[in-house]
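Structure 1 and structure 2 below are the same protein chain in two forms, each given by itself as structure tokens.
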Structure 1
Amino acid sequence: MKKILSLVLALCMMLCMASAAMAEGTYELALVTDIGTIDDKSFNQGSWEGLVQYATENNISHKYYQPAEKSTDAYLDSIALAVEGGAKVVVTPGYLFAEPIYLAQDMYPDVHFILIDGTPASADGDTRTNANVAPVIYAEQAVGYLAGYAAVKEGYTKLGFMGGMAVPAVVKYGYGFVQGAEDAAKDLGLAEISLNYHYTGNFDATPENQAMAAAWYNDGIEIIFACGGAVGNSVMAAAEAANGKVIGVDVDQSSESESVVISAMKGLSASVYQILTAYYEGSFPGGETILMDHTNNGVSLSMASSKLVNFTQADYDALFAKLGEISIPDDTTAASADQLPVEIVKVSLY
């Protein structure tokens, strides 16, 4: 009898140890990056920081997964790894996850997804958001407007906008930037402002992107709003060589380069943190798109680290308070940036 009892106890200990080992290899919260990394000083990092903050405060296991390439299949492979690893909630930052999440929401109905910067959409354009998906979009046009206004108020009259891929979030940043510059020019009584406008077609730091930014600076462009993830690194490198200035994007990028005078920020970390809080409180906001704008800490300029002198905190506060009254073009208003309703800003497409 004693031998049997000993065997039972030993078996129980082995099962407990095996269970503990399995638990150590699981991660309840997961983030899958797009083509960037979690330290990209952009939306991957901002989203990851929100996840880490919540997980750390609540002692929840967490991990990130980085796809091997930029493709729907690669993104789905990483999502599968996260689910196999025990993820209950998967955060996917970036518009490029629209199709993968459209598919994953059916493949993993018991897993919840937070889709940053987009909404689920199939390759043929069908859109559907299941109850296990919380898509988050931002009013990029509003913070782009703030950035454009601030640049002109500071005294810059030769501007540049260099976006990455022409996805809605990037386009809205650019259109808002143009409109903000236009309104500031009117308020200051300026006759004309020039603005170079270009989409690189990627979110990478490349010699080609740096060369174009360098050419702009050499031609007299004073400040470039860089909206394309690692494209910003190319612009910053060119700015440092030419003593030019940069407006950062998505998060406060002032620590990346002395050339960054201010950043147009989205509340990425706060968004992820808020939705995770709701999930664990039993009120996951799935099935409907969440808009983060000036009313809920969704967008802002990095005034705490601003290097601007003429555009003051008082200027910012007054302008921010008026955002709800200002009509700012979004990605459906014009077919191209040079078709925006401006009079003073002269847009040159590249």
Structure 2
Amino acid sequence: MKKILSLVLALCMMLCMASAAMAEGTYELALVTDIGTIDDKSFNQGSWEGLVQYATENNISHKYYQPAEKSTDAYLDSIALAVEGGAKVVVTPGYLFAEPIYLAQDMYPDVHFILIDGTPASADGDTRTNANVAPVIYAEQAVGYLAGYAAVKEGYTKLGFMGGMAVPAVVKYGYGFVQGAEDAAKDLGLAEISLNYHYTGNFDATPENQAMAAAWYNDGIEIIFACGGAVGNSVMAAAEAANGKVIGVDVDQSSESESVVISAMKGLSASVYQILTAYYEGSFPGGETILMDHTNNGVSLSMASSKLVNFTQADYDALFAKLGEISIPDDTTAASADQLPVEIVKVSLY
């Protein structure tokens, strides 16, 4: 009896799944999330918003897929699911997709991929970008530079940088931040800027991160560039307790806490939107890496919600216009932040 029952149940389940698959229909645009979710207030969310914006404006079916775990196989499974679901364009945010996309570009030559924050690379370091892949990377160092310049221009001389894991995007933010502080100090004729620099090694809100930020504020640090997802929430908690200030990251974080005076933003949704537009116009920019910087809405500060007084919109516009001429270090310039070629800014690495 039990056997028959379990057999019936198993059949039911299979039927359910089959009918669910049939009922689902197809989705032309798909997004496969990285670790984190579509509401991570960072690259997953930004990319998804760009996709949704384009899809709703043009009435195109869309859906997101969340891999079961953080591994190349699981990512490939989700991509396969998206392709089976009828996806013509798959958006994959996050540098962890470098290897899955490297493999998928050959497996699904008819499907187009948009890879945010990375370029296709195999596990053994081979890089190749097929015509059906559009990798997008950002000039984080430029917006980090803007943030560093703004902080010093505002009058802060004791700065902090608290990054998440030392992945290229975070490192570029940090190095740009250091250089921006240096140049602002030079322009203002300041003698010394001190800068605490640290990678927490995670992207979470933990008491450890809060304690470190609190200790920095207690030690006299006036403003911290919190650059690692939920790490920012710990820094904000510490800032609220100590009347410190915070610079937000990736998206405008001013709504998260009163302590956020400005945010260093990447144009995530803008880039997805632009590339999708190009795809439907028949000019998919595949095959080579697309750099999003100050020339194409790739980077900006959240001046609309700025709480800075001495760093005005005019200052920002003037600085922004000069970005093309300034040399800003990126993650390949130095092995660690204290080896950056700066003189006025004293970087203490922790």
Partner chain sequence: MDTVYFLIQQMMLFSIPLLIVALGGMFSERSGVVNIALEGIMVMGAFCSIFFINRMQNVLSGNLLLILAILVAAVSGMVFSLLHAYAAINMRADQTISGTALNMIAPAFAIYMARSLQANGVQQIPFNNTFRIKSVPLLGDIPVIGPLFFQNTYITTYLGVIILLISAFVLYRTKFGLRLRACGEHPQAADSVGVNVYRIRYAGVAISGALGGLGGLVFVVPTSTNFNATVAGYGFLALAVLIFGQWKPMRILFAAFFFGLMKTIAASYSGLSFLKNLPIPSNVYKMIPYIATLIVLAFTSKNSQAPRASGVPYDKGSR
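Keep in mind it's a predicted model, so treat the numbers as computed, not measured. Residues are numbered by position in structure 1's sequence, first residue being 1. Whichever C-alpha set is largest while still superposing within 1.5 Å between the two forms counts as the rigid core.
Colleague: Just one of these is the form predicted on its own; is it 1 or 2?
Modeller: Number 1 is right.
Colleague: Align both forms on the core first, then report whether A98 has a C-alpha shift of 2 Å or more between structures 1 and 2.
Modeller: No, its C-alpha moves less than 2 Å.
Colleague: Aligning on the rigid core, what is the distance the CA of A241 moves between structures 1 and 2, in angstrom?
Modeller: Shift of A241 at C-alpha, rigid core superposed: 2.8 Å.
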